[in-house]
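As structure tokens, one chain now follows by itself in the form predicted on its own.
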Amino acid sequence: MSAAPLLALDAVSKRFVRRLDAAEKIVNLFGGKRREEVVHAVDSVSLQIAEGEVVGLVGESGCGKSTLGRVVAGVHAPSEGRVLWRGRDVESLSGAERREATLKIQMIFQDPMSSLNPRMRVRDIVGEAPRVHGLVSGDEIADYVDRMLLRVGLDPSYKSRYPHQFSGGQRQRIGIARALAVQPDFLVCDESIAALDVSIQAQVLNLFMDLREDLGLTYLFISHDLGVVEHLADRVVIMYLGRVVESAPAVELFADPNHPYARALLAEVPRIDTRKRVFQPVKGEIPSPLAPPSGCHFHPRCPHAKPRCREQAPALREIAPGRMSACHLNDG
């Protein structure tokens, strides 16, 4: 792996604002107190991903991991902070450099039926982007599409079919072929096996690993399945309510998590030697991103919370070589 990060996030935040509609504005004219709603989806996340690395991004539903993935892929622009590609701010790039950076980071979505155009044939779904961006000439596009389909384990003779004529696993492979067609270096996989049958999940995971080996790809693998992340990732990043609470090599994190939320989350990973345990989810419910708690976001659910946790947000800092955690308990 390269010492310099391929991709870096520098204090990235993403907020979604629901503006007042006309009726609510009229209500306010007559003394109403309607306000714009602001969803704090991602809150000052800094992260570095080295070339060739597989980073697993995990957390409960609503923690902001999918939004962060979309910011990385350029689907959403950050509200604050910077996304750096090979050391350069993506927002500051222009022309050919911006286009190249955009193509080099591709995203594979959770539901292939929703992310594939139902009115387009597979040959057009896979071949449109490389043709439009001039990566392949018109004379070569048919053979190029065939090679992309073969690479993901699909028969090129099916390229005249529509997405609904394929199984879920085959549709996901089409989505992967579409991403690979623009020759990316970095793939954001957003719950990309969650919608598949368990028997098909293993096949797609093996495909991801083969592609990493053959093409030297780097992955941000977003998932709620901790077992898959443990098997797949070199490093694991845990998010809670928009913030990164812990980051560590996968082996170390699963052996000895540091942050109380990470410990609670990983304690419930199914294992053979703990099969007789009664399942106990993390106590309490994740707070609303419309009104996140003060201080440490996890303090309302943390069994170790102290007054300082309610008042001051802990900084994400190094607690051991290669390990980062955001918890006041590490201050001694």
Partner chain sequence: MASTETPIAGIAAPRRADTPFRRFLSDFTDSRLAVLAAIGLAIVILAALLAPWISPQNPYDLAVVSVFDARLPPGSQSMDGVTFWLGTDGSGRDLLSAILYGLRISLSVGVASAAIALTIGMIVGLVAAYAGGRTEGVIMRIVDIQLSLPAVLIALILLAILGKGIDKIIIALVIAQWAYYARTVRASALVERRREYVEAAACLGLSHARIVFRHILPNCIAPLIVVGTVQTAHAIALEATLSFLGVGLPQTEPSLGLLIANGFDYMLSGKYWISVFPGVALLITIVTINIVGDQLRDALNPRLQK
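Keep in mind that what you see is a predicted model, and the values were worked out from it rather than measured. Numbering follows the first chain given and starts at 1.
This next part talks about the form predicted in complex with the partner chain, which is not shown.
Novice: Would you confirm whether the three residues Arg82, Ala96 and Phe186 all fall within 4.5 Å of the partner chain in the model of the complex, going by non-hydrogen atoms?
Specialist: No, the whole trio is out of contact, none within 4.5 Å by any heavy atom.
Novice: Is Tyr158 close enough to the partner chain in the model of the complex to count, meaning some heavy atom within 4.5 Å?
Specialist: The answer is yes: Tyr158 has a heavy atom within 4.5 Å of the partner chain.
Novice: With a 4.5 Å heavy atom cut-off, would you call Tyr162 a contact of the partner chain in the model of the complex?
Specialist: Contact check for Tyr162: yes, within 4.5 Å of the partner chain in the model of the complex.
Novice: Examine Arg88 and determine whether its closest non-hydrogen atom to the partner chain in the model of the complex is within 4.5 angstroms.
Specialist: Because no heavy atom of Arg88 falls inside 4.5 Å of the partner chain in the model of the complex, the answer is no.
Novice: State yes or no: in the model of the complex, is some non-hydrogen atom of His299 no more than 4.5 angstroms from a non-hydrogen atom of the partner chain?
Specialist: Flag for His299 set to no.
Novice: Which residues within 151-176 place at least one heavy atom within 4.5 Å of the partner chain in the model of the complex?
Specialist: The stretch touches the partner through Arg151, Gly153, Leu154, Asp155, Tyr158, Arg161, Tyr162, His164, Gln165, Phe166, Gln170, Arg171, Arg173.
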